[in-house]
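Before any questions on binding or motion, here is one chain by itself as structure tokens, the form predicted on its own.
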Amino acid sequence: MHARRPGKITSPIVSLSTSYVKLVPLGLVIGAIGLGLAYFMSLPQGGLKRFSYSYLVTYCSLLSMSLGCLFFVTVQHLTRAGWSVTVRRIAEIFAMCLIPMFVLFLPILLPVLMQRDDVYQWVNAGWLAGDREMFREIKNAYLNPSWFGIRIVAYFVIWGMMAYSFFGKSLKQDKTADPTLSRTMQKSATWKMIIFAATLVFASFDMEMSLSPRWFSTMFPVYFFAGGVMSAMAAIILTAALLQRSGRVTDEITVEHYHDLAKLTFGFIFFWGYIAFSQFMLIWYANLPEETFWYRFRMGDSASPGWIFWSLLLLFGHLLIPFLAMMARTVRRNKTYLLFATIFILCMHWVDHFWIIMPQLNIEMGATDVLGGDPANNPLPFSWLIDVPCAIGMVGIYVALFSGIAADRPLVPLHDPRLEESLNYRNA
């Protein structure tokens, strides 16, 4: 029998305290250096178009992770979950990053509004000239710069309002200890979940699937969602572990919480694999040319011999290895192991979005134009001097956003009515 803990915070440090004052400028400096180096190195390899694609890869990785955290917060309130109270604040802060991430999308959005095809080829007039008339009318009505911009603004307004609503009420409860705030958040979570699902579906269409405007899949939003939630669980685990290594929230986040977060990560690894296979299987079985070309290119046809490596890397690195690595109960309760496992999972999440986005750069510009030399020898638009600094720079900015939002605010809800339940939670 374990002695039951009272519903009180006992850790000596439960906020970033003054550390955020150093983390914010440090993250911004790393971001400026990384993005500046990536842009400079991209000039001889496709210029702004090359940089924009690399930027979009990491942006979509971080965006889907933040959306996964918003989903986690919403579903915890929706189900009145008690176990997750002490880890929910970390997810709330990640979800709040969606508000400033609108600004980070402007380098992608503004060229579209100016009718430049730096990323999205549908900006060009006549891009559907070879398609059937019915498809031309529908796609032209949906994919146009003005309507695209309106939708993007709407997504971020909705996500920002949802995130701020949960975070703001949670912080207010820290001061007032008002239990009715929890009931209010639970009631609103019902309709917020519906709106969240609708906006995520169309955002995945707009930001990633429309890169190849002739390709379509109704399962793609679920694929996007599964990867986002998986990476969100990994990010929460990683953040909690790093905070505890720095002496913060040492008593409130226990091995039981890590165990449950790891179980959710494991579940969404499997769910992502199931959706990825289902999407591929249905397109392969139907064998329609307007659908199969998307996979054929990524499976290494004569025009893209190197993409088969990335497809296999995704199969093993995003599914099989993490699936086996997170299966055992003992490893899901080992914080040191989870620290390295989640870093690997987040890297594979980036690879997933690279695999989705970058082949379109091959298709538009050709491997010879992007890399120089023979496509058979240089089959991929990947560069250690472009993609890696760009990713590091974007992560640096994201860390600055997280630190700025967290600031000196508590990293756990102080007066949630289910705090005692979370502190005393035990896995079966």
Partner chain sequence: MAHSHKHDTPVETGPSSKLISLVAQFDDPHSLVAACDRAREAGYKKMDAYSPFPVHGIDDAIGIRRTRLPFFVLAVGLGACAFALLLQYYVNATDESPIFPGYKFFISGKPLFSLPANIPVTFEIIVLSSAFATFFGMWYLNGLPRFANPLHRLPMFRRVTNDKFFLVLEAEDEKFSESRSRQQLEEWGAKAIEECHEDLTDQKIPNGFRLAGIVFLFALLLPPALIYRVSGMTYRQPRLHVVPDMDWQDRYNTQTRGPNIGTPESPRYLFADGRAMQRPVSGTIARGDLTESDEYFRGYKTGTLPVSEGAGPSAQDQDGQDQDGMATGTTPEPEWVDGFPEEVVVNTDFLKRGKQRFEIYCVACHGYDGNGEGLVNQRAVALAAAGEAAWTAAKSLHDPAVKAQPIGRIFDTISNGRATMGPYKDQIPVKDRWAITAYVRALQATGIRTPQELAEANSATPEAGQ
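Numbering follows the first chain given and starts at 1. As the structure is a computational prediction, the values presented were derived from the model and not from experiment.
There is also a form predicted in complex with the partner chain; it is not shown, and the following applies to it.
The putative spot formed by Tyr274, Phe277 and Tyr285 is fully lined by the partner chain in the model of the complex; each residue has a non-hydrogen atom within 4.5 angstroms of it. Residue Phe270 is the only one of Tyr164, Phe340, Phe202, Phe270 with a heavy atom lying within 4.5 Å of the partner chain in the model of the complex. The partner is absent here; in the model of the complex, the one residue of Ala141, Leu242, Leu106, Met281 having a heavy atom within 4.5 Å of the partner chain is Met281.
The shortest heavy atom separation between Lys175 and the partner chain in the model of the complex exceeds 4.5 Å.
Figure note: of the listed segments 154-162, 232-240, 285-293, 96-104, the one touching the partner chain in the model of the complex, with heavy atoms no more than 4.5 Å away, is 285-293.
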